[in-house]
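Below, in structure tokens: the form predicted alone, a single chain.
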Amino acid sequence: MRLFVLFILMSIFSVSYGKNIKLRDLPKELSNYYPPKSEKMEFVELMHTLSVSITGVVSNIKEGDWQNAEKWAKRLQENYLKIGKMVKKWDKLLKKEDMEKLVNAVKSKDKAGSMEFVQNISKSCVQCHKNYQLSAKIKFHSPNFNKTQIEDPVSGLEYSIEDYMKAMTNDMKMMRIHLIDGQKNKARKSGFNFIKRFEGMTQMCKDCHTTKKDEEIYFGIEANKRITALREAVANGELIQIKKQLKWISQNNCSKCHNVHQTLYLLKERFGSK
């Protein structure tokens, strides 16, 4: 959800502890294994299978169960090599030789050698995750609001989320500007439009936030009280009271949603796929 209030994002951004985080571009073929191209999430399933297989190898080696250790080592090898078949760019990064040596070491019941090769293979997994996992989480696992439409209660038209938020934010600013300029009628119109649009968001939010508890948190009794107080303040042209109610709404409604949705939305823009 794009709400132009809090965040400016660059492709490389600095965090508080002074390090830089780089969002790497992902190989194009990786998109074949995620929505909308595939609902099966094959690549995620492969990662889970590999994680289980490594644990199966290590746990059985530690217990001296070499038969089951070999079974899991072969399963690990089979699925590990699938990475290169699914994403050709990553094939050259695979520790294929170490994987073959791991299988042979397990067959020979070589505990030290087996653990050494498991460690080498695990390092290749960690390095790939370090380079690409954040990018994949953002691109493939964060919600896509690009095609979401919401009916605007003021104009009656279908707006994108971006345009809806722009209109609502503009109403809020113009209400305050008109009041300061002494144009109370215009301020009331902008203020009531803001309230209509704020309340109209419930139709969009309820598409995902479907439980009664969600409604209580985001549009519950206290929020309704604040909207009622804001409506009265707008009708009476009370700037101080308007600021007070808007501050509460901003801190308890807007910011909560921004912190959950907006950050990921803006990060997703890094890949040109909102």
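One-based numbering along the sequence shown. These numbers come from a predicted model, not from an experiment. Note that the rigid core is defined as the largest set of C-alphas that superpose within 1.5 Å between two forms.
What follows is about the form predicted together with a small molecule, which we do not show.
Between the small molecule and the residues 115, 195, 174, 83, the one pair within 4.5 Å by heavy atoms in the predicted complex involves 83. The contact with the small molecule in the predicted complex, taken as any heavy atom within 4.5 Å, belongs to 166 out of 96, 186, 109, 166. Segments offered: 127-135, 101-109, 178-186, 67-75. Contacting the small molecule in the predicted complex at heavy atom distances within 4.5 Å is 127-135. Residue 208 belongs to the set of residues with a heavy atom inside 4.5 Å of the small molecule in the predicted complex.
In the predicted complex, the small molecule sits within 4.5 Å of a heavy atom belonging to residue 143. In the predicted complex, at least one heavy atom of residue 162 sits within 4.5 Å of the small molecule.
Contact annotation for residue 223: none of its heavy atoms lies within 4.5 Å of the small molecule in the predicted complex. In the core-superposed comparison between this form and the one not shown, the C-alpha atom of residue 247 has shifted by at least 2 angstroms.
With a cut-off of 2 Å and the rigid core superposed, residue 39 has a Cα displacement that falls short of the cut-off between this form and the one not shown.
Here residue 48 does not count as shifted, since its C-alpha moves by less than 2 Å between this form and the one not shown after the core is aligned.
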